[in-house]
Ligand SMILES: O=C(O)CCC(=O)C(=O)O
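As structure tokens, one chain now follows by itself in the form predicted on its own.
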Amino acid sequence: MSALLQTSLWDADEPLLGNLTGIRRTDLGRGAWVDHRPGWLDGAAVLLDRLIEAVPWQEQEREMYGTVVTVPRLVRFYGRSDPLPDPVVEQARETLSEHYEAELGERFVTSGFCLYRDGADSVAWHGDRIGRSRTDDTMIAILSLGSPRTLALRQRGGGPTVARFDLGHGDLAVMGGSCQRTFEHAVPKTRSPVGPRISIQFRVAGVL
């Protein structure tokens, strides 16, 4: 499968992580925040193509309102002992661990992958509250590759969107503090013509 992306003339031939000094933190209130670093990974289109081919993508089903539905995206989860599909992903996880360990108190150890094939693929409003994140503050770091898609956030239980980040092309977003308990996030569907996007989520042990 080809990513079919038009890359920049200045995009790197090989994926290259930048520094993290340009991160900007958005305080959402209620102990929640989001860090955003646009373009953290140069050459993201190259890594996108490699991962589309290398990751053994899975289609999942789940029950909703008494009906079994197909999850509108492809996924793959890598646990602590699982080898990651590309050394750049491992480098990203280690770099983020080193940067956030003093504040987080632990390192990122798992990696979840989502492939949004087009604008019809999405994630509904939710918080990642399975495991320790139901009661404890944590961080979830997201590295985004490919066509930009909106990461929207609102307070838990509904209400207006309070923050939006258009993530793609090697952008980094980190949801931290109480974000998973006090806020919800989503990647809405779009009718705009968009190409594929891969979201890589780095989490600590015991958080899904």
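Quantities reported herein were computed from a predicted structural model and do not represent experimental measurements. Residue indices: 1-based, along the sequence shown.
Omitted from view is the form predicted in complex with the ligand, to which the following refers.
The stretch that touches the ligand in the model of the complex, counting heavy atoms within 4.5 Å, is 112 to 120, out of 112 to 120, 91 to 99, 77 to 85, 131 to 139. Of the residues 28, 55, 45, 151, just one reaches the ligand in the model of the complex with a heavy atom at 4.5 Å or closer; this is 151.
Mapping the unseen interface onto this chain, residue 194 falls outside it, with no heavy atom inside 4.5 Å of the ligand in the model of the complex. Taken together, the three residues 126, 199 and 203 all lie with some non-hydrogen atom within 4.5 angstroms of the ligand in the model of the complex.
Residue 73 is the only one in 67 to 93 with at least one heavy atom within 4.5 Å of the ligand in the model of the complex.
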